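One chain follows as structure tokens, the form predicted on its own.
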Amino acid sequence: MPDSKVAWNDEELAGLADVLDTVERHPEIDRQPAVPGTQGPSLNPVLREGLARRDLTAVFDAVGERVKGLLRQDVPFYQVVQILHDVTDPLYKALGADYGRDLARVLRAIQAFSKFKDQASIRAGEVFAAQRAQLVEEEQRKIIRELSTPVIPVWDGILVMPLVGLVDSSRAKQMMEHLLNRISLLGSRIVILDVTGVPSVDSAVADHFIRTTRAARLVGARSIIVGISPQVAQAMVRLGVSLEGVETYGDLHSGLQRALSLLGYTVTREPQ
């Protein structure tokens, strides 16, 4: 946090007190620029309390929260910083009007505000950088999830979704959404869920498999599950999971043959 990195001496705190007094005597200084929907509660009470306690930590925390709110409203970062800098000229004029006969006091207040503005800008930059890093991380996770649950059109009207690795409830939900979108986009009639690479399931994941087949049926696609291992089969029996109404096959080859036959295709081997 900026306040923990930079010390504030008595002169600077006194200068900030003069700045706050001037702002409160001239309410127009504290008015934010016309950014629709960004007007928030005044930070003056927080600053007043921080000056009384000689600790500005809460002030910069409040600045950080205000910046987060602005960024969530898609206010560009340059405009966020500009909100702080736009008060500079009217503040300096007001300081001159209030304390013009005491130039040392005016200079002290200007120097204190300049330091405060720099620290607030640093906090805004830290918040912006953290948010950007979070957005990049979320986008990376989204891409990884999509790559980990590919939906492959292997024939006209036939989709295959191979699943590899552990499937938790979050991934199962994303799998369903991705699959339904592809069914609707491509108008597919058969969906093959290949669970050969899934080492284990629990009741929640098994329930998601069933929900996925039902949801696919609602958008016009018939489901086939292939590759259930003996271990997974035993676990599903212990859990009381029933795949009644869903065709299952031991491997993808058998499932694909069944899918083709459902669409009226016959696979024959040409003589060598």
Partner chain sequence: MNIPVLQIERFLIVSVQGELKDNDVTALQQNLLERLRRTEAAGVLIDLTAVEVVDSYMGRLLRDTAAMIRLMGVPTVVVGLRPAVAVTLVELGLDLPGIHTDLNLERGLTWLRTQMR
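Positions refer to the first chain, counted from 1. Here the structure is a predicted model, which means the values were calculated and not measured.
Form predicted together with the partner chain: not shown, discussed below.
Residue contact check for residue 68: none of its heavy atoms lie within 4.5 Å of the partner chain in the model of the complex. Put simply, residue 45 is far from the partner chain in the model of the complex: not one heavy atom of it is within 4.5 Å. At a distance threshold of 4.5 angstroms between non-hydrogen atoms, residue 165 is out of contact with the partner chain in the model of the complex.
Residue contact check for residue 188: one or more of its heavy atoms lie within 4.5 Å of the partner chain in the model of the complex. Heavy atoms within 4.5 Å of the partner chain in the model of the complex are found in exactly one of 54-62, 223-231, 209-217, 243-251, that being 209-217. Only one of 80, 176, 127, 198 lies close to the partner chain in the model of the complex, with a heavy atom inside 4.5 Å, and it is 176.
For the residues 169, 73, 181, 134, the 4.5 Å heavy atom test against the partner chain in the model of the complex is passed only by 181.
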